[in-house]
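Take a look at this single chain in structure tokens; it is the form predicted alone.
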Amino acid sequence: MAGGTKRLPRAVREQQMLDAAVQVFSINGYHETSMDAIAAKAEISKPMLYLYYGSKEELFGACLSRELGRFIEAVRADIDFKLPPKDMLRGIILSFLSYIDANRASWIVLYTQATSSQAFAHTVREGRERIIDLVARMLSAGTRNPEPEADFQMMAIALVGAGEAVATRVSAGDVDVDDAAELMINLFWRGLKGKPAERDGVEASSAPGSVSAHL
């Protein structure tokens, strides 16, 4: 077997297998992918693949966990709450779409393949909720003069949903990342900046304790 006799640390070998699996799953889909194809891509024997991951379902689940974790950490690391609201929004959207563009196979597995399988839908759903909560906190921290009835959780759901749809186009190479980011920024900026500050001779934004006074 090609490369099968190389002695690699277990952690390195596991990542090699997951890398190969993500690539093959993204092309063939979960149901049409065989363990033989993944083993060949990883340049290991099928028995070794089964030794590390006892079934295709277990291997796919490991792929989802790794890719979802990487995605969330990459986006979280790029959020800077010290930035002005619009710059913060721009940063998170660009981070989101740039990651998808650089990891297209990962997104296809996470969004297209996993969501189409009932067995893994809960994993994707839990991951989406983590992202929505993260975005909701960003919106809450960055919104100037929020409307009293502002529902940041629903705004986050809308933003993430739109982001998923645009990301799918990005992963297919159908749209430029910068163009897609500008579209989303313009679409959501009005909701993020909130209502105009009231003026009673003095800018409301300068009032002590106001949200915008700290942004």
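Counting begins at 1, following the sequence as shown. Bear in mind that the values here come from a model prediction, so they are computed numbers and not experimental data.
Beyond the structure shown, there is the form predicted together with the DNA, which is absent from this document and is the topic of what follows.
**Request:** May I ask you to choose, among G173, G161, P47, G69, the residue with a heavy atom within 4.5 Å of the DNA in the predicted bound form?
**Result:** Selected option: P47.
**Prompt:** Which residue, I27, M35, A150, L187, has a heavy atom that falls within 4.5 Å of the DNA in the predicted bound form?
**Reply:** Spelling it out, the residue with a heavy atom inside the cut-off is M35.
**Item:** Listed range touching the DNA, judged in the predicted bound form by heavy atoms within 4.5 Å, from 150-158, 55-63, 178-186, 163-171
**Value:** Of the stretches listed, the one contacting the partner is 55-63.
**Asked** Within 4.5 Å of the DNA in the predicted bound form, do R125, R128 and R130 each have at least one heavy atom?
**Response** Verified in the predicted bound form; spot residues all out of contact, no.
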